[in-house]
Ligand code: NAD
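We begin with a single chain expressed as structure tokens, specifically the form predicted on its own.
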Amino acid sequence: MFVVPERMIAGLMTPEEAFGAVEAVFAAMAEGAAYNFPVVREALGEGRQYGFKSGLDRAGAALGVKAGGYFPGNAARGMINHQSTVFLFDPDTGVLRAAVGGNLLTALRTAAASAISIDRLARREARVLGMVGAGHQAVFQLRAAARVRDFDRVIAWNYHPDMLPKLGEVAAELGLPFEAVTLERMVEADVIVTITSSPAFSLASAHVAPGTHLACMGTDTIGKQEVEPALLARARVFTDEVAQSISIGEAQHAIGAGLIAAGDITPLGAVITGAAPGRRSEDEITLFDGTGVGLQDIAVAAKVVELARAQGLAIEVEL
């Protein structure tokens, strides 16, 4: 088997490679060639979460599982809160093929999914990017969004305003003016990315203007919530996987309130393959409920193993 440790990922996996891998697996899911297994997740107390996301991609000949979770005490230890490892198996024999560091890959695949939704659903002339959240993954989201649209400026809000300057530094690197704003001023944004880990929504329906595209990327557990359920009722809702969207994603709250039904949610992969339309008008609000599926992790991990082997960097070990 091959090992690609966390320290190698940054030198191997580019945002462009992540975008291509995630877009391909979304299409495979829509065509029935790839599917996710049920998520296993356990609360360990004190905000810690541990679990498994797994799936089979027949089109990509990949079978695997990501093990890990969220450990909020890590920041005080000088570590990121999200910790994970991806294990890849031969889908024909079950033999373990590779173990891959999953921390940076998780951030890259999450940002790639968001960027794919912006690329496919946001208005072409979108010029103002709104960011709700300024944690570890927010900088990846900002960079990925800027690759698919020519934004003129960035506005941002965070529950802890002292975290916003770091996001502003990234915007400056991209040549984009940056401003910290109130949530009410999110109506100025053409695209809004939410990337928080809150148990209660911050972005209300009144904060979103007609024609906006939203990429809601933070809700991946029962009880989490980033936006007001009424916003989903105003929008056309897309997702990575409907089953996760209605159970652990942002849609869980709108579904529970009876505002939308599972049949109202469209897999983003269906837009990629042409089986479903994307944006239908300039005034339509589109919302991508990015729950983070195991197949995304498997796709980017398989790609990084391919790149590591091609460059002679993968560490081969015997079990």
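One-based numbering along the sequence shown. In this text the structure is predicted, and so the values were computed from the model without any measurement.
One more form of this protein exists, namely the form predicted in complex with this ligand; it is left out here, but the text below deals with it.
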Next on the checklist: Suppose contact means a heavy atom within 4.5 Å; in the predicted bound form, does that hold for all of T110, G135 and G290 with this ligand?
Outcome noted: yes
Next on the checklist: Whether G130 contacts this ligand in the predicted bound form should be assessed with a 4.5 Å heavy atom distance threshold; does it?
Outcome noted: no
Next on the checklist: I'd like to know whether S84 contacts this ligand in the predicted bound form, with contact meaning heavy atoms within 4.5 angstroms.
Outcome noted: no
Item to check | Exercise: V181 in contact with this ligand in the predicted bound form, heavy atom 4.5 Å | outcome: no
Checklist entry - Would A122 count as a contact of this ligand in the predicted bound form, using a 4.5 angstroms cut-off between non-hydrogen atoms? => result no
Next on the checklist: To verify the annotation, which of these, A243, M163, A99, A146, has a non-hydrogen atom within 4.5 Å of this ligand in the predicted bound form?
Outcome noted: M163
Item to check | Position in contact with this ligand when the complex is considered in the predicted bound form, options A189, M217, I118, L142, heavy atoms within 4.5 Å | outcome: M217
Checklist entry - Which of these stretches, 148-156, 195-203, 86-94, 172-180, has heavy atoms within 4.5 Å of this ligand in the predicted bound form? => result 195-203
